[in-house]
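The chain below stands alone and is given in structure tokens; this is the form predicted on its own.
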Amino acid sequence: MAKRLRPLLATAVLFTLLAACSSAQPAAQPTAERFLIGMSQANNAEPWRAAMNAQIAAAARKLPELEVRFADAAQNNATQVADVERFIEEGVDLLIISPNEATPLTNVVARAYDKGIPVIVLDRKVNGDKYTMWIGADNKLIGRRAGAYAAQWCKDQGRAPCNVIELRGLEGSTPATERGDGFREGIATNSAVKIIASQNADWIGDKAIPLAVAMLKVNPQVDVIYAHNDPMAEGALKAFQKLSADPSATLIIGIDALPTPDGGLKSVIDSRLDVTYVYPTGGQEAIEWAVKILEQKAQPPKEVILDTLEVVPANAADLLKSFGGE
């Protein structure tokens, strides 16, 4: 009997040892959760929007749990609607969108939001409130500051009347409306300042050149050119060159002030533009808030308004250095 028990006891001891060894192993760690973000861009051809994409990509690269897929609507509303619909079908965990125009993109953004996808709207807005949050600068304030600068410059230069040509952004985009309205509020402090011509160049420098040429031909006495972004302001300068005209007596105002070799900060330093305004892309902030929403289940504010700065020759070099430009 004792001989027959010996194998059974040995087997029992073996199982006991195996169980003990098994329980001593560290518990398997859960796999880190990953998140897919869809980024729908209105138009990659604009340098400012290319900078926005670059900042989003750079911020996301520091976070291995994030994957960002980019889509370029090439300034086409139907393309951007299709881009967002594809992101919805792919099951993105969060959508970032900078809409081409407000009204055409409102319904598809609302569709994503209604499906439970958090939506961060960057820069340009959509109608209604079916989105998680909006991040951008105060375009009306920027326009107002530009208008106030123009009004004071005209007074200081003794220009009365003081004639303004305006190169506007894409019609239907909220920044174009707000920058135009704000500028008009700003120049209202000086009754001598008048907008004598205004055209939409759709944020594109190359489109601004022929428009500015045509407006300068019809209106040879121009004191101020107000462009809704720096590339269009640069386009106005090229229009002067095409007409063999001297722009030195004309105040040229832009907006964006990118710290890139061809950006607005360098344009002021090189005396091509007289003044511009920093318009942050919000790319890094979008990723920071995406992490809070996805990983921390944070309830973000409905709006995050980014600061702006006025760039003139006296501070342009210091600002370029502070923003990492060369």
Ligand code: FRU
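In this text, residue numbers run from 1 along the sequence as written. Predicted model, so just to flag it, every value in this text is computed and none were measured.
There is another form of this protein, the form predicted in complex with this ligand, and it is not shown here; the text below is about that form.
Heavy atoms within 4.5 Å of this ligand in the predicted bound form are found in one stretch of 173-181, 112-120, 88-96, 143-151, which is 173-181. Contact check for residue 124: a non-hydrogen atom falls within 4.5 Å of this ligand in the predicted bound form. Within this chain, residue 49 lines the site of this ligand in the predicted bound form, having a heavy atom no more than 4.5 Å away. Heavy atoms closer than or equal to 4.5 Å to this ligand in the predicted bound form belong, across 252-280, to the residues 256, 279, ordered by sequence position.
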